[in-house]
Structure formats: structure tokens, C-alpha cells
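Before any questions on binding or motion, here is one chain by itself as C-alpha cells, the form predicted on its own.
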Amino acid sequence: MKKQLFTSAALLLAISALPALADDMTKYQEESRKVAKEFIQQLGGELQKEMKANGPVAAIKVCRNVAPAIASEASRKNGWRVARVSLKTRNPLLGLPDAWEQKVLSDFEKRMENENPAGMEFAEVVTEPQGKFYRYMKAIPVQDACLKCHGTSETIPQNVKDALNSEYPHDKATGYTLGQIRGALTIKRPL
């Protein structure tokens, strides 16, 4: 009888916590969307400025140096891990997607059949050996300017190919066409 009362009380407590969890998830998602939007806008602005001033070869350094600095600043500011990941990595030293990120990126690829990648995102709470985390990913679709460095061999200018071969001899981040998913912004927030 005591065990049954305890189980019933625990169940009621868990059910009563569901609205609070839903509220937390909504809050976490809104905060993550804000960080993702700021990151993408800041990186896009830096890329456009460098492309306009010095062309695509010079813009390579924006993705190599400025993007990680933006992610690092967002990580420090929020206490979360903020990064860019892709199934076709250009710079593995900046990190490869973990198993969770690989699964989400693969799911994004499948969702492209019926969904615009510009609006794709995914979030959930996961339990890992290090603890519980809120995980969020926002797809980064290939835009016209991206094709100068990430496009097909026909769309990438020779001077850019040469610079990429020099900087990234094991580059896998080419062959994209407009609208495909280049990767995603990922956020890992400890709970």
C-alpha cells in the first residue's frame, strides 16, 4: 500500500512538472534562436564586407578565423558551447560533429525533400555521461556567396581552389549547390 501511494505521488509530481518543462524548453529554444540569429548575422556581415573589399580568397580567413572567434565569444557570454558543424568538414581542427550532431545533420538532409532548409532546426534535452544538456541545431543553407568557396569545381574560381588546397589539404566542404545544407550552428547548454 505504501509503495503504491509513493508511486502515485511520484507520478503526480512528474506530471505536474510537465508544464514547467515545456515552459523551460520554449525559453531555451527562444534563447538559442536568438544566439543563432546573432551568430549568423555577424558572420554574414563579416563575410560580405570581406568579399566586397577583397574577394573570395580573402574571405576564406573570415570562416577560418572570425567564425570561430564569434562562436567562442557567444560560448563565453552564455556559458554554452556554440559552434558550427558539418558532415563535410573543411577544418577538422575546429571540431567534428559528435554522434548527436551527426544524427541531426542527417535528419536535416532527409527533411530537405519537404522543407525549406532556412527554417530547419531541432532541439531536445539529452542525458550524457557528463550530465543533462539542452541541445539545439539550426541548419545553415548554402547561399549564392557560399558557392565561391563551397560550390562545385566549376563554380569555384581557380585562385580560390589554390588557396583552399593550401589552407585545407583535406577539405571535404565543396560540391554544394544553392539551397543545400552546408552544416548547422550547434548549441549545447548544460542543465
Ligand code: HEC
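Just so it is clear, the model here is predicted, and its values are computed rather than measured. Numbering starts at 1 and runs along the sequence shown.
The discussion below concerns the form predicted together with this ligand, not included here.
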- Should P157 be classed as touching this ligand in the predicted bound form when contacts are defined as heavy atoms within 4.5 Å? no
- Item | Contact flag, A36 vs this ligand in the predicted bound form, heavy atom cut 4.5 Å | no
- Message: Taking this ligand as it sits in the predicted bound form, is K161 near enough to touch it, meaning that at least one heavy atom pair lies within 4.5 angstroms?
- Response: no
- Using 4.5 Å between non-hydrogen atoms, is I70 touching this ligand in the predicted bound form? no
- Message: Check for me whether this ligand, as it appears in the predicted bound form, comes within 4.5 angstroms of all of Q29, L105 and V125 - heavy atoms only.
- Response: no
- Query: in the predicted bound form, which residues of 130-144 put a heavy atom within 4.5 Å of this ligand?
  - Reply: I140, P141, Q143
